[in-house]
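Only one chain is included here, represented as structure tokens and corresponding to the form predicted on its own.
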């Protein structure tokens, strides 16, 4: 008698993990979510919900909540060193959005998913997986706290620097590929008085943005800079990351010195490489990866959150459809997701180069386009071309009907 999967440990309580927990619970599984942070992490930047991910949110029953917490951005502008506006564009052109698309702060989405699952799902904060010991019947998990528990399956939904991936598949360096840029973001006072608006300042190899979304009294400060080689930094050493950012933008104009001053005081500071994760397989035995842990497409794609939501829906649905048989379900999940993931990763590689223009004359050309586009007769055609490319990537993973509740069975 071989018992199929019922208990599932999910590492990571950001977006992919709680979304998977929601679907697994609906399908009759017993998920547990473990998160290294001592509490739910609600920081981060604004994320897009587009294409297939919109339908997933609708099936989850959270779409109205997502839309109620929309950033409601009106548009954006580029400014020069003196703060003078060079050009402005409406939000649909800036973000390549269509009417049904939405945008929400990552922390708001994390809160929605957590609130929807916390009564039905076991959450363990302030702990992490230390060791995995798999046998024919399940996985013995040893936690950093010293606790030892048994689960039928383990899911790594713990991001670009996945601890689960390292334990089950080997060192991160085997799978992560640097795209040549870094990104940093943190919350700071809205001293520019922005209202649902983004303000950009471009320098060769660097881009700075300050934005404030609907209902926010503070602003987000965003820095992107090129670096052909990956820099030697510890992704958990925040003090060193702040020094790296300050050194990179030292001596630059506009509001940058003031923004860097806010960085020193920020308690939600984030800095990391723009990287993608490429793996031949997302599963090994009873361990499977989800979201950025499996196939990070980097912030340059704008689709990481969408792929996490879609992947959670597909993975849980395939486990239910296979009656808990992980060997069948994992293969179906990966086969369904991989073509769309690869399409989004290719888009990210193109976009990251556009984020950090490498010369003054290229910046001047872009500023000319930003300034003149709203006045040109072909502006709608250009906007449509941008939207069509982004929408194709957002719809790259089709959905099947996995919404019907199903419970894992016991197979002989």
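Values in this document were obtained by computation on a predicted structure and should not be read as measured data. Positions refer to the first chain, counted from 1.
Omitted here: the form predicted together with a small molecule. The next part is about that form.
Enquirer: Does residue 36 reach the small molecule in the predicted complex if we count a contact as any heavy atom within 4.5 Å?
Expert: Residue 36: contacts the small molecule in the predicted complex.
Enquirer: Although the partner isn't part of this model, could you tell me whether residue 252 comes within 4.5 Å of the small molecule in the predicted complex, counting any heavy atom of the residue?
Expert: No, no contact at 4.5 Å.
Enquirer: According to a 4.5 angstroms non-hydrogen atom cut-off, is residue 305 in contact with the small molecule in the predicted complex?
Expert: Residue 305: yes, in contact with the small molecule in the predicted complex.
Enquirer: Is there a heavy atom of residue 351 no more than 4.5 Å from a heavy atom of the small molecule in the predicted complex?
Expert: No, residue 351 is distant from the partner.
Enquirer: Check for me: heavy atom within 4.5 Å of the small molecule in the predicted complex, for each of 31, 123 and 138, yes or no.
Expert: Heavy-atom distance to the small molecule in the predicted complex: none of the three under 4.5 Å.
Enquirer: From the candidate stretches 355-363, 62-70, 340-348, 44-52, select the single one in contact with the small molecule in the predicted complex, where contact means a heavy atom within 4.5 Å.
Expert: Of the options given, it is 44-52.
Enquirer: Among 317, 299, 76, 324, which has at least one heavy atom within 4.5 Å of the small molecule in the predicted complex?
Expert: Residue within 4.5 Å of the partner: 299.
Enquirer: Can you work out which of 216, 127, 101, 134 has a heavy atom no more than 4.5 Å from the small molecule in the predicted complex?
Expert: Contact check passes for 127.
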